[in-house]
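Next up: just one chain, as structure tokens, the form predicted on its own.
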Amino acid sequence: MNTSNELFSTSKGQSFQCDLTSRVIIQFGEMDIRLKIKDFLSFRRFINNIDIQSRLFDLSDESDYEFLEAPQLNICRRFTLCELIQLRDLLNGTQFAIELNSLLHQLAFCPAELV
């Protein structure tokens, strides 16, 4: 029995929704992160708040990488700017799929007088 539904995928990763655990599963490279929806939204917000544009114009070596450490999410890794952009795309696409699924679910199960 398959309990995971694919939400979004890119060439670098995939995301799933697990119906048994009510978690979002992010597979990106070697990472396999299982997040409650609240943690997913927080992680997505954190990744989106990284200022990629200023790092692109910063010529120092330190700006080429971002070290992410979140022990509660089992993440402790250095990401290149390209990886951050790819991860951001995956997380934003996943968020869009969650919102679209939620909207479709509301429309499918809403009483007829509200339509």
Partner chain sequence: MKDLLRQRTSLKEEIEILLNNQVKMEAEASAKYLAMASWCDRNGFRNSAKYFLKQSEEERGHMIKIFNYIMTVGGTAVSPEVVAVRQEFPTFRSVFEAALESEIAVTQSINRIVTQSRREEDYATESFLHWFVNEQVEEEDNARRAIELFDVIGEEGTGQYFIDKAILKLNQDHIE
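Numbering follows the first chain given and starts at 1. On a predicted model such as this, the values are computed, not experimentally measured, just so you know.
Although it is not shown, the form predicted in complex with the partner chain is what the next lines describe.
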Decide if the three candidate residues Leu7, Gln95 and Ser102 all line the partner chain in the predicted complex, where lining means a heavy atom within 4.5 Å. yes
Heavy atom to heavy atom, is Ser22 within 4.5 Å of the partner chain in the predicted complex? yes
Exercise: Cys82 in contact with the partner chain in the predicted complex, heavy atom 4.5 Å: no
Any chance Lys38 has a heavy atom within 4.5 Å of the partner chain in the predicted complex? yes
Any non-hydrogen atom of Ser63 within 4.5 angstroms of the partner chain in the predicted complex: no
Within 4.5 Å of the partner chain in the predicted complex, counting any non-hydrogen atom, which residues from 41 to 59 show up? Leu41, Ser42, Arg44, Arg45
